[in-house]
Structure formats: structure tokens, C-alpha cells
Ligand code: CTP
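In the form predicted alone, a lone chain appears below as C-alpha cells.
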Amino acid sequence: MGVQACGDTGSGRLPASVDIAQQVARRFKTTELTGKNILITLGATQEPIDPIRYISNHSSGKMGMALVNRCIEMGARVTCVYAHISTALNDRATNIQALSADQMHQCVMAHIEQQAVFIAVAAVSDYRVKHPVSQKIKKSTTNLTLTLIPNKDILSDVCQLNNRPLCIGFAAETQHTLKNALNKLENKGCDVIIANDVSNAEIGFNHEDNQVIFISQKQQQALAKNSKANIADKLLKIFIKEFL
């Protein structure tokens, strides 16, 4: 309410400049990623068997969303490509749903050119059903055999692009966590792998906490059990210090 430019008094007056500045400042906590375009995948892909059933996993999308939120707070422009999740989206991101691995691959490739950083957090199925059927498979007394074929490797394909963004992958392991993560860093050709042991019932899938190892060619840094929000903050600070 107040005097407007036209001389009338009433609602519609532009707020004072200091109030506008304060509102903008509240949208961001820091500025380390200001001007950076970041694409983050998250959630569990779903590979259809028939219209009712699908192959998936236990990922909730919470770790990926924690990274989305923290990147935005640091000033980044975030594209969030999500599969099945059990957490709220951030309306300050550009949110695009891609439920299957193939849909996610197509979506990532369509948006990757403009990105400075790619963070592949989604739990993407390695395989899909070769011939999903259009009608519900009815129960019978005989065995059912599904033929599975490999999905495209999103992280690897992005890492092989010319002029690719900086690439961060996640390695969710149940054994030999460090060894398998190091192999993934080498085989995928990415800049960073974040390893976590999802066999630990207190962290990882569907939990609020996580415990990870940041791995690059220069360092390995273990982060103790903490909330996924705090883990995201620590991971990004390590990444920014080394690469940006």
C-alpha cells in the first residue's frame, strides 16, 4: 500500500529497493556457484514389465534433492531430471520427470550442452525388459522368464562428449565399496565419484542420513555419517575447492 507513480494511493506500489534486495538475498545463502548451470539426476528409474509391474530399486531421491537444494542456495541454475522419488521437488529448479533409464538418457543428452556440471545421483537400472507387454501378465502355474538387455550408460556417455561438463557420479555399493568406486571413476571417465555403502541399514536409500567418500584423481576424503543436507554441503565445498 502507498502512493504509486501515477499519484494514486493503494495496493500495487513497488516495494522499496532495500526490501527487494533483501528478498533476493534470502533466495541464496552463498554465491560459490553463481552463474553455473548444473544438471542433477535423481530417484529410482522404473523399467516396465507390463502396465502394472516394473523393475526398480529403493532410491528415494533424497540425496539428489539435497544436492539440488544446496546448489540453488549457492546460486546455481539447476536442471533436475528425476525418476521415481519420495521427496519434494524444489520449485526454483527446472524439474523434468524421466521415469525410465531410456527417457532419462534422452533428457540428459537434450540438456547437457549448456551445463557446467553434471551430477549423476539417480539410481538408474542397468537393465530393462527386452519385450515389455501391453497387457497385464496373468498368474499361472508355470515359470515366467524375462529377458533383460542393458540400458545405455548415462554417466559414461556424458563423460565421452566433446566439451563435456565436469562430471560427478555416485557409486552405491554393498561390498568392496572403495575398490568398486575407484574402478567406476576409471571406467566411466568422470572427475569425481561419491561412494556410499548402501548395505549399511542406517544410511543410504530411504534414510535421512548418509556416509560417503569423495574420490577424485587427487584425493579421497571420507565424510562421516550426517544428514544428507549436510553431506551435500560438504561434498560441494570439496568439489568447488578442487575444480572451481
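Note that residue numbering begins at 1 and tracks the sequence as displayed. None of these values were measured; they are calculated from a predicted model.
Keep in mind that the form predicted in complex with this ligand is not shown, yet the notes after this line are about it.
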Mark Phe170 yes when one of its heavy atoms lies within 4.5 Å of a heavy atom of this ligand in the predicted bound form, and no otherwise. yes
Hey, in the predicted bound form, is Val124 touching this ligand, heavy atoms inside 4.5 Å? yes
Though only this chain appears here, would Cys71 touch this ligand in the predicted bound form if you measure heavy atom gaps against 4.5 Å? no
I'd like to check something about Leu155: if you look in the predicted bound form, is any of its heavy atoms closer than or equal to 4.5 Å to a heavy atom of this ligand? yes
Which one, Ala120, Val78, Ala83, Val117, lies within 4.5 Å of this ligand in the predicted bound form by heavy atoms? Ala120
The stretch from 84-92, 140-148, 109-117, 125-133 that lies within 4.5 Å of this ligand in the predicted bound form, judged by heavy atoms, is 125-133
